[in-house]
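Heads up, the chain below is alone and in the form predicted on its own; it's given as structure tokens.
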Amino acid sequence: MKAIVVTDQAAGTTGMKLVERPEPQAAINDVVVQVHASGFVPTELTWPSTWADRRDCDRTPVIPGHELAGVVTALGYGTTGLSVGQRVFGLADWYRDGTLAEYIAMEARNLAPLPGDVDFTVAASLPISGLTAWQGLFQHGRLQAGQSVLAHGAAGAVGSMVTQLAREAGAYVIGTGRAADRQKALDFGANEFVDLDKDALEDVGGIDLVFDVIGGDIQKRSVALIRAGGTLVTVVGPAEARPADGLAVDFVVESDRAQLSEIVQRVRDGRVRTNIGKVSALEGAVATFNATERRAGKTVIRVRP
């Protein structure tokens, strides 16, 4: 099969190559999926799990990518809940070869059925962004109707999903980003927008939940805006600052079949829109990853035409 591999962490995306690799086999509780579309997050090339397995042994050359939509082609021993020929989408294991390939073997529990009226490209853009937003808002942030949310990076893949899900839940959302992101953030449902380069973040106050995808100084400044009993939710590692009277939660997104089904249903009925920035064929993926132009949104690779 064709697959993109990377062997050198220092080289980043410039070290990626399109090569031929053996097709994977399904282990116990696995399925093999013919990948039709794959999402990609460039920061995964900095994650320890990309380069070493759970025993901290080198696992290069690595096939990157964790988000996918495709069709089940084989079932491993003991696998239940899915069938050959079924359309699926989901989030692959961090420590195994990934989705930038024509086929992937992965645990069946990490996949959800994909309705026939949802395009593979759309579905592949959902797992990380959708699950991160859902888990941060509702599992860790315990968001309630009437609360306020500060959504950093509101024009990005995660931030736009945070904005939409929070608004649907009845929250008031203040999005942040650069000046060029203002209209996109508002189009995705932000009630207000703060330009982090020009506007005073400190003018925003009384926030119930800060959803942080940036970290550093922005995170520290945001903590001061949280009202008593509020929450900082961050996905960029352990919180560097904590609310004086509230919670700080850092988490790593996990696959969840029920949550994926909830998210894709919202796409089907128009309550949530995807935020796709770049789309490329597998043959052009490496060039796409190394392009210098900035485009907010999820990068999706169409593995099959």
Ligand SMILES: NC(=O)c1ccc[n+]([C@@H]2O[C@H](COP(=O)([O-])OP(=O)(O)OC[C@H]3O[C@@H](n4cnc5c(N)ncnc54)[C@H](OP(=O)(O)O)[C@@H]3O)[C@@H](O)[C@H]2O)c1
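A residue's number is simply how far along the shown sequence it sits, counting from 1. Quick caveat, the model's predicted, so the values are computed rather than measured.
We do not show the form predicted together with this ligand, though everything after this point is about it.
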Taking heavy atoms only, is W51 within 4.5 angstroms of this ligand in the predicted complex?
no
Is it the case that V235, even though its partner is missing from this view, gets within 4.5 Å of this ligand in the predicted complex, heavy atoms only?
yes
Touches this ligand in the predicted complex: V252 (any heavy atom, 4.5 Å):
yes
Looking at the partner-bound form in the predicted complex, is D208 within 4.5 Å of this ligand by any heavy atom?
no
At 4.5 angstroms, heavy atoms only, are G156, D181 and R295 all close to this ligand in the predicted complex?
yes
Could you tell me which stretch in 96-104, 80-88, 210-218, 166-174 has residues with non-hydrogen atoms within 4.5 Å of this ligand in the predicted complex?
210-218
Looking at T132, T231, N110, S148 here, can you tell me which has any non-hydrogen atom within 4.5 angstroms of this ligand in the predicted complex?
T132
Checking A239, A27, V41, I276 against this ligand in the predicted complex, the residue with a non-hydrogen atom inside 4.5 angstroms turns out to be V41
